[in-house]
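Take a look at the structure tokens below, where one protein chain is shown in two forms, each on its own, as structure 1 and structure 2.
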Structure 1
């Protein structure tokens, strides 16, 4: 790896099967950033972040492995990028504890994601959910990342990381780089069964999982909610169902929505949905084949993960030593 390149870091939570939104919003983008040759990329499984929701400990190892498999199957190359598991590098938790002492309580309280998730699941308002942005800041600052690919929903969290970096630097001297966002212009996919709600694994019927079989993909898309009338036109307000399907078609086929509208000008919903299912199947088939092949070589997977964890830990350990010296925690 070229250590002179700016460092880029991003993670994906291990909370169950990944879906089309994850593919377009994260995996596809990660591969493009890696292949651009502009960055030294670190991609990690955010398994600590996944603990603030209800989870089954027996399922967690499988979920972690699923994210690594998805990284590799999508085209992330462990020879070019560092692929690692967050919990295997203890400095993430260590830096979170340190940064907690500089994180403004009021700012964390105002975080949109905390408020949204607290309202959606009032029985599960835990400190991990509240502290999520500080852990995210630690994930980024620990590696001197200059850029972080994020969607608009994560901009508020990244701004907190920048705030913490500034506060720390002002008090203890230049230690952290203030990371800049690299906005990912990916569509916000909505549920196939409810186009007014974001596509989510918690609603399997409306979610296109990356591991869905061709049969299941066809069934889900043919059952997808559409709108009154027959016109295939993008109109988010009046036709949210067909607009969502047009976004999925456009993102996976690399065709502008306007082009797709013209293609189906005098055609019905059934034909459009049938063709969309074929597009989804065609795009996901190579990914699914690579993933299936990777699963057969568990030893190779273990080697890749162990090597990535070691590379990440070397960088993180060097940084945490520097931080501890700055705040007076080093006596030897």
Structure 2
């Protein structure tokens, strides 16, 4: 690892299968940024973050592995990037406890995700859900990360990380770097069934999952909600359905939206959708194949994760010692 490069970090929750929003808003960008050679990259499974909704402990190991497999199958190379599991590095929890004392209660209460999830599951509004953005700030600040590739839904949380860094630095001297978000051209992919709602695991009906079979991909895309009219044209306001599909096509084919519009100038929705399904299948089939292959060598996976955990812990441990010193927690 070249320690002089700026640090980049991002995480994905272990809550089940990843969808096209995760891929186009984050994962695809993780790989491009790693391959740019500009950063020292850390990618982790946010398994602590996944505990604030109802979960089955028997499913957790599989869900954690699922994220690691998706990282690797998408092209994250553990020889270049550090791949690790959040809960294996205890300093994430330690820094959360420390940062909690500087996190404004009112600001956390107003977080969009907290409000949405509280409304969606009023029977389980827990402190973990409330404190989620502070844990996320700890994830990032612990590594002195300068950039964090995420989807748009995480911007508010990252803003809190910046606020906490500023506050802490002002009081105890320069300790943290204020991290900047990095967005893709598809920072907010919308649901296939309802293009006015974000594609989200909590609403599986609108998701295109990375593990969907070619048959399911075709069905889902052909069924995707489109708009009245016939034109294949990007117009987020009046044609949110077609615009969303155009973004998927563009991001997966590396063709600008304008080029795709021209390709389908005199063609209908059905032909466009049929071709889009082919584009999606062409990207996802090799991804699924790599995942399947990686799954057969559990030992190798465990070795990769253990090595990543160790590397992350060395960085995190150094930082937590520095932080504790700054706040006077250093009797011995």
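Rigid core: the largest C-alpha set superposing within 1.5 Å between the two forms. If you're wondering where the values come from, they're calculated on a predicted model, not measured in any experiment. Positions refer to the first chain, counted from 1.
Quick check on the two chains I just loaded: which one is the form predicted in complex with tryptophanyl-5'AMP (TYM), 1 or 2? Form predicted in complex with tryptophanyl-5'AMP (TYM): structure 2.
Would you say residue 175 moves between the two structures, meaning its CA shifts by 2 Å or more once the core is fitted? Moves: no, less than 2 Å.
Taking 2 Å as the cut-off, check whether the CA of residue 266 shifts that much or more between the two structures after a rigid core fit. Yes, its C-alpha moves 2 Å or more.
Core-superposed comparison between the two structures, residue 250 Cα displacement 2 Å or beyond: True for residue 250: a C-alpha shift of 2 Å or more.
Once the rigid core is superposed, tell me how far the Cα of residue 239 moves between the two structures, in Å to one decimal. Superposing on the rigid core gives a C-alpha shift of 4.9 Å for residue 239.
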